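In structure tokens, the next block holds one chain alone, the form predicted on its own.
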Amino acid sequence: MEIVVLIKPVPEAETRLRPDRGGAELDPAGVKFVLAGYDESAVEQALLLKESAPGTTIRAVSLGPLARSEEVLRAALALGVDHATSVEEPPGVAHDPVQVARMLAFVVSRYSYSLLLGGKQSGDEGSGCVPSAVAEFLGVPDFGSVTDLKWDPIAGRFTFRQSLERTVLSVEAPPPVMIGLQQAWNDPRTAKLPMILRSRKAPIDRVPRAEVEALLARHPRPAVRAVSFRLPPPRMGARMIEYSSPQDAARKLVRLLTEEAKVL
């Protein structure tokens, strides 16, 4: 089985963010970029499938500025991914999920794959459109919000659950298929030091920006662009409750919510 995992570098959750001088984009200075949460789960799921199906190989593909994408690719290699491909992102397309998907599909199409895996959405833009758009460009079926993904070698099919509003579907699908993963079987593993050191020297295939720019030149300009980037206003009005015991704190909190906030 050949698995291709799509991963994206996003700002670390604890990083302090600020707009750039133009006020339309994130200022990347001092920002640490890491694997998106759902993408991290997708890598873990690929590794679990590899362990359950001998002979499986995994390739991670990431689109972005080279330094950022290669950092998360090396993180994936340190976890046990076999191969990595970095796609240098042209300026002005990061916020357009269709153009992002077009570039990813262009690169993925040069590899053989039984399964395309990605997080159901990224940790920054969060549109949730990219996996489905990649599948559309490649002409393969796709499923989002997937859990409990497994490979049935006898039937030659993937089995999984898909979470929908008020229901959960049990699905079987033959390869190739695109999966937008919600959660792996278990929490993502931690890379071990020997693998981290090995990943620092591992080769990464690079797709030059000129190749994807030539692709985009044959299609309309991005339909989506960032017009402003600002942080939410600081939270105001915090009120500390003085109490002598947990029971006293609960009584005072209920009184405030009932008489002042009027939410109970």
Partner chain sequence: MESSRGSLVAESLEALPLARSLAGPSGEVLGVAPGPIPEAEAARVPADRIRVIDPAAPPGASTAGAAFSLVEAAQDSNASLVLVVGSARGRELAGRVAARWDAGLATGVTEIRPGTQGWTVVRPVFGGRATQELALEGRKAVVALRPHAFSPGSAPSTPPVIEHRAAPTLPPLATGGGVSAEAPVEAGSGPSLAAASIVVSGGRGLRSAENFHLVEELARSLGAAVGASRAVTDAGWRPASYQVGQTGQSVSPQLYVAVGISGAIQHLTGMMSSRVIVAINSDAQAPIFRVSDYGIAGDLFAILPALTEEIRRVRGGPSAPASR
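Whichever C-alpha set is largest while still superposing within 1.5 Å between the two forms counts as the rigid core. Positions refer to the first chain, counted from 1. Please read all numbers here as calculations on a predicted model, not as lab measurements.
The same protein also exists as the form predicted in complex with the partner chain; that form is not shown, yet it is the one meant from here on.
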Report task. Taking 4.5 Å between heavy atoms as the contact cutoff, choose which of Ala202, Ile196, Ala226, Val207 touches the partner chain in the model of the complex. Result -> Ala226
Query - All of Gly64, Ala67 and Glu213 with a heavy atom within 4.5 Å of the partner chain in the model of the complex - result: no
Query raised in the report: Just one of 167 to 175, 103 to 111, 82 to 90, 68 to 76 has heavy atoms within 4.5 Å of the partner chain in the model of the complex; which?
Result: 167 to 175
Report task. Give a yes or no for Ala184: in the model of the complex, does one of its heavy atoms lie within 4.5 Å of a heavy atom belonging to the partner chain? Result -> yes
Report task. Tell me, yes or no, whether Ala29 is in contact with the partner chain in the model of the complex, where a contact means a heavy atom of each within 4.5 Å. Result -> no
Query raised in the report: Is there a heavy atom of Leu231 no more than 4.5 Å from a heavy atom of the partner chain in the model of the complex?
Result: yes
Query raised in the report: Closest heavy atom of Gly126 to the partner chain in the model of the complex, within 4.5 Å or not?
Result: yes
Query raised in the report: Taking the partner chain in the model of the complex, which residues along 224 to 260 bring a heavy atom to within 4.5 Å of it?
Result: Val224, Arg225, Ala226, Val227, Ser228, Phe229, Arg230, Leu231, Pro232, Arg235, Gly237, Ala238, Arg239, Met240, Ile241, Tyr243, Pro246, Gln247, Ala249, Ala250, Arg251, Leu253, Val254, Leu256, Leu257, Glu260
**Report entry** Core-aligned CA displacement of Lys201 at least 2 Å between this form and the one not shown
**Finding:** no
Query raised in the report: Once everything's superposed on the core, is Gly55 shifted 2 Å or more at the Cα between this form and the one not shown?
Result: no
